[in-house]
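What follows is one chain in structure tokens, specifically the form predicted on its own.
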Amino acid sequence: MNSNDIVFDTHAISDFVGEHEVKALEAQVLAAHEKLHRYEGPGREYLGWLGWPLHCGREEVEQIIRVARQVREKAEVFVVIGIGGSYLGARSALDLLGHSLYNQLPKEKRGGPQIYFAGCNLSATYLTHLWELIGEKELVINVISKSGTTLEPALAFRFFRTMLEQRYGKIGARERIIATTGETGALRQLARQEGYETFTVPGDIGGRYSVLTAVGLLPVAVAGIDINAIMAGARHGCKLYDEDRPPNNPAYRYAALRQLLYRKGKIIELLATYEPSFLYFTEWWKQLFGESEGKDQKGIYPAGVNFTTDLHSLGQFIQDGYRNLFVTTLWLDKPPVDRDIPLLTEDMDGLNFLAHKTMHYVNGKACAGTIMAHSAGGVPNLKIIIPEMTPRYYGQLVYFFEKACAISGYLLGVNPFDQPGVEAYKNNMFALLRE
């Protein structure tokens, strides 16, 4: 690793976990590594994401870029229909790599269509308000579902497909529907029948690990973000997090420390961020770890906080509440923009001592002070430092967490690649609906 890589900082953890404990876990981490890379562990049929950035064909990326360019030229609004891993990765990238108020920008500044998401809830209110917002604008949709039968996106697709066919006719609608789906299934069959532009979700990659496939890359490319750079960063992540073994692999060290803290009763992990643009990255992270580890009455509960906002709500509990949690801070070293604090002649708020310093400087001190306070209050703190938020670092960060999650799941003794608990609510829901 070099100074230009993402850094995993553990200096604030020494009072809670000793280096001898990390060393004692090395054999288990190595065993998890071998199990993963030899395709011998549970869930091995879903390891297509492992090394995917190295194996993903250039032709597929070029097709994504070509289709995205067509959408950018044709559409005023692009609606992504999907739930869980079918939309969280893309939305996280759009927020982190784009303008904070992208959809509110004039088109000449956006350079592409407004991008909205549907099929991620069952709210008629949300769907109706989205339709009202779209109005008569030129519309293209991307329906993302491996099977085509997941309830939320399937229902949303029914509505949007009907809207497009009523507005443009069946032939016109075909040109405005893109299906990202499995190699078989209801949506694949419909796409063949209707002649939709289609991308394939690899059968051996689960939804929460699919952000670096067409699932995440197409919406990101429609926003004008460089997906080649994202994949280059992810390939660099493969080099860093696949080849090195403990203790030199930061992703493995993160996985090991999480498990050591869990064994000490720290059953909740808070992912803390200091930029609002990390909101949906946190949501993606929550799904990644929640679906991967929450099994067999085991697992670390993943939750997210946005500081400094949540220091004024949850901060009290984190500082003084029940000691069953730890914090992992995602820190962005260089934000996309920064602002100098102005000098006021009257100094009514008493903050002139900060004049000419930057907002990011203040944010950095807030981060450092919070870690100090929480550590002193009995809350272990880990920190992941991202030099700046570029497509390359985004790709590296995604692969860091994917690899860490897989190793952490094996250390926990669960299958990190299935989600049997999700099926329980679905079975009950459909039974009630059929009544």
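In case it trips you up, residue 1 is the first one in the sequence shown, and so on. Nothing here was measured: the structure is a model prediction, and the numbers come from that model.
The next section is about a form of this same protein that is not shown, the form predicted together with 5-phosphoarabinonic acid.
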Q | Option touching 5-phosphoarabinonic acid, based on a heavy atom within 4.5 Å in the predicted complex, out of R258, K146, R235, R176 | A | K146
Q) Of the options N363, S277, T150, N228, which one has a non-hydrogen atom that comes within 4.5 Å of 5-phosphoarabinonic acid in the predicted complex? A) T150
Q) Looking in the predicted complex, is 5-phosphoarabinonic acid within 4.5 Å of a heavy atom from each of I83, G207 and E291? A) yes
Q) Are any of the heavy atoms in T200 no more than 4.5 Å from a heavy atom of 5-phosphoarabinonic acid in the predicted complex? A) no
Q: Report whether the minimum heavy atom distance between N415 and 5-phosphoarabinonic acid in the predicted complex is within 4.5 Å.
A: no
(Q) Contact with 5-phosphoarabinonic acid in the predicted complex for Q287, defined as at least one heavy atom pair within 4.5 Å: yes or no? (A) yes
Q) Looking in the predicted complex, any heavy atom of Q419 within 4.5 Å of 5-phosphoarabinonic acid? A) yes
**Q.** Per-stretch contact check against 5-phosphoarabinonic acid in the predicted complex, the hit in 340 to 348, 307 to 315, 85 to 93, 249 to 257 (non-hydrogen atom, 4.5 angstroms)
**A.** 85 to 93
